[in-house]
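As C-alpha cells, one chain now follows by itself in the form predicted alone.
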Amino acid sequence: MKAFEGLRFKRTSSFIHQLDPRVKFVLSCVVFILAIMFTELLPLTILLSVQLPLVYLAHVHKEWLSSLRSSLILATMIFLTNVIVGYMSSEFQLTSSVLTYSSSMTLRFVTLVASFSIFFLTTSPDDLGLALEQSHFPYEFAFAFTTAVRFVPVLANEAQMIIDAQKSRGLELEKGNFLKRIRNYLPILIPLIVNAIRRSLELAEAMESRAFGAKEHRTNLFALKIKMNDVLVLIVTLAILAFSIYIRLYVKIPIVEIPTF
C-alpha cells in the first residue's frame, strides 16, 4: 500500500510548500503537457531530471522515491505491452526503435507520476480546497475532491492493517495460481468495503449535523494570496512551456536509440 504514500501531504517548511497551490497545479499541468508533447527519450529524461531539484527543495525525497518504486509494476507492464505490440507490428523483429519507443512511453508515465506526486506531497488538502473555491469551482466539487485526496491514504492504511490482521490469522496471499490469489484477497476486500461504507455514513452524518449546503455563499477564515515568489515561478514555468513549444515546432531533437543485442 505504499503506492498511496505519494498522495499523502507531508507538512514541513520549504520553498515548494509555501507556493500557492494554483501555481503548483499549473506547474504540474505544464509537466503533463510537455510529457504528452514529446515522445523522444532525451526530452523526457530531461523533464524527469528537472523535477529532482524540486524534490530536494521540498524535503520529500523519501516519499517521492516510494511513490516511484510503487509505480514500477505498472511501468513494467507499459514497457512490456509496447515491446510486444512493436515486436508483432515489426514482423516479429525486436528492433532498436521498438525498444526506444517502449522506453519513452514508460518514462512518460514515470514523469507524470513524479510530477503529481510532488504536487500532492507539498499541497495541503485544506489549501487545495481553498484554491478550488477561489478559482470559482463549486464548493461541492471542491469538498468532494479534497475529501477523496484526504481519505485515499487513510483507506490504504486500513487495507494494510486488515492484511496484517488476516495474515496473523493464517491467511496466505502469495500461494496458489492467479485465480487463487484473487480469491485470497476476498477476506481483505470485504472488511475494507464495509469500513469504507461505515466511514462514508459517519461523514454524511457529520456533514448533515453541520448543515452542509444550507447556505449558498460560504466564507472562509483564510484566503490564499499570490506572492512575488508565486509570480516568478509562474513566469518561469510559462517561459519553459513556450520554449518547449518552440523546440517542438522548429528544432530537430536528437534521437537517442537503445541498441539491440
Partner chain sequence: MIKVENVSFTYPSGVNALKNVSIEISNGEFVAIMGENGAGKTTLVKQFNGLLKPGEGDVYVDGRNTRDLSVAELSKDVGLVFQNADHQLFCETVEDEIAFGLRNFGFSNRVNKKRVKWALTLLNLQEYRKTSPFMLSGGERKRVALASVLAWKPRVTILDEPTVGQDQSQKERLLQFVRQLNTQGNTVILVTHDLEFVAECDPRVVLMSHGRIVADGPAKKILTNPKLIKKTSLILPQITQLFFRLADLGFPKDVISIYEAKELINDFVARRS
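In this text, the rigid core denotes the largest set of C-alpha atoms whose superposition between the two forms falls within 1.5 Å. Just so you know, these numbers come straight off a predicted model, no measurement behind them. Positions refer to the first chain, counted from 1.
We do not show the form predicted in complex with its partner chain, though everything after this point is about it.
Only one segment in the set 104-112, 185-193, 129-137, 82-90 has residues whose heavy atoms sit within 4.5 Å of its partner chain in the model of the complex; it is 185-193. This chain is displayed alone, yet in the model of the complex one of M77, V152, L171, L94 has a heavy atom within 4.5 Å of its partner chain; that residue is L171. Shown without its partner, this chain lists V98, I162, A156, A142 as candidates; in the model of the complex, only I162 has a non-hydrogen atom within 4.5 angstroms of its partner chain. At the 4.5 Å threshold, heavy atoms of Q166 reach its partner chain in the model of the complex. Using a 4.5 Å cutoff between non-hydrogen atoms, R210 does not count as a contact of its partner chain in the model of the complex. Under a 4.5 angstroms non-hydrogen atom cutoff, its partner chain in the model of the complex lacks K215 among its neighbouring residues. For the chain shown alone, R198 is a contact residue for its partner chain in the model of the complex, at least one non-hydrogen atom being within 4.5 angstroms.
Taking 2 Å as the criterion, V26 does not count as shifted between the shown form and the other one: its C-alpha moves by less than this amount when the rigid core is aligned.
Superposition on the rigid core between the shown form and the other one places the CA atom of L171 2 Å or more away from its counterpart.
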